[in-house]
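The data below hold one chain only, encoded as structure tokens and taken in the form predicted on its own.
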Amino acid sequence: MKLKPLLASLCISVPLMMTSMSTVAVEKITLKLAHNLDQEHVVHKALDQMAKEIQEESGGKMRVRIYPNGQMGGPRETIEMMQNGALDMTKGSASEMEPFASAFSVFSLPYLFKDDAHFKRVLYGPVGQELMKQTDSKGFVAIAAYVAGTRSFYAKKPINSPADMKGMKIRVVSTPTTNKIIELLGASPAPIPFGEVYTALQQGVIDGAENNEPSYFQTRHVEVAKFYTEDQHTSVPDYLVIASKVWNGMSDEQRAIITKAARNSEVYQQKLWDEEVTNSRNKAQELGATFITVDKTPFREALSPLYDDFRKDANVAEWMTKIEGEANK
């Protein structure tokens, strides 16, 4: 049974760089939202649906103008633009949020979640809502979370166990944790920009990468890396964030409209995601992809030192305990 996302009421009162507020129920405003996904991605579709709902619910007074396809740069750049007042909203994965709020590093810990139900219970429950508040002091507010499946390795050759990864160069979203994951599995991390992965695989600059099934197919990486190993090492969500100065400057009515639309976008995105995973797997297989089912035990054992490293940080250890406590509820 699907767990309905519960966006906790956002109680941070927020300054908007716009015309002064009046007693009118909803003031006119246009918000700029930039992200690095193409327009066929399910998160973009969820954001587009949210934008339409916001416009409709506000009687046309509130609009969200979306800039997809990395028009304003990658997540690091758009988050920094938002902090500096040059952008209102953006999307970033938990890994991309980690440099701004270290608590998000917990999502990089492999095999932290027992199953999909455990993951969603954390993401949309009290623990997830508390985690989202960790950005409040960083200049932006997290207002929605989106599922992104599980990340697995894909490569130009089959990977059946960590032994097969020895000496390979694997592209990752470079963080201390993701780099260590690759190293513990015997490979070398390659922090290549996402848009350059296809060419890097094609030319042999890297041997593989890691991502979910839709990204594997939609980026056409399946054309140059035919083997997808279902090790499912991490579950890393995406977050929709809005600049604190913008959020704090809105009226209660404006925040209510956005909060409701963001909540609905979470539900819609989950539905689209499940459909997209099935569709992407089928189409990838039609292009010659081989999906490899593996015993995850050797991967878990190879990566177990990360748990000891994480627990050395009292703050992260606390989040680990909270998440593990949701496993059997």
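This is a predicted model, so every value here is computed, not measured. From 1 onward, residues are counted along the sequence shown.
The form predicted together with a small molecule exists for this protein as well; it is not shown, and the discussion that follows is about that form.
Peer 1: So which of 90-98, 183-191, 110-118, 137-145 is the stretch with heavy atoms within 4.5 Å of the small molecule in the predicted bound form?
Peer 2: One stretch meets the cut-off, namely 90-98.
Peer 1: I'd like to know whether residue 233 contacts the small molecule in the predicted bound form, with contact meaning heavy atoms within 4.5 angstroms.
Peer 2: Output for residue 233 is no: heavy atoms all beyond 4.5 Å of the small molecule.
Peer 1: Taking the small molecule as it sits in the predicted bound form, is residue 173 near enough to touch it, meaning that at least one heavy atom pair lies within 4.5 angstroms?
Peer 2: Close contact exists here: in the predicted bound form, residue 173 approaches the small molecule to within 4.5 Å, heavy atoms only.
Peer 1: Within 4.5 Å, heavy atoms only: does residue 254 come near the small molecule in the predicted bound form?
Peer 2: Contact check for residue 254: no, nothing within 4.5 Å of the small molecule in the predicted bound form.
Peer 1: Evaluate residue 207 for contact with the small molecule in the predicted bound form, applying a 4.5 angstroms cut-off between non-hydrogen atoms, and reply yes or no.
Peer 2: Although the small molecule is absent here, residue 207 would stay clear of it in the predicted bound form, with no heavy atoms inside 4.5 Å.
Peer 1: Heavy atom within 4.5 Å of the small molecule in the predicted bound form: which of 229, 150, 215, 177 fits that? Just give me the one.
Peer 2: Looking at the other structure, the residue within range turns out to be 215.
Peer 1: Among the candidate residues 294, 37, 64, 303, which is the single one with a non-hydrogen atom no more than 4.5 Å from the small molecule in the predicted bound form?
Peer 2: Selected option: 37.
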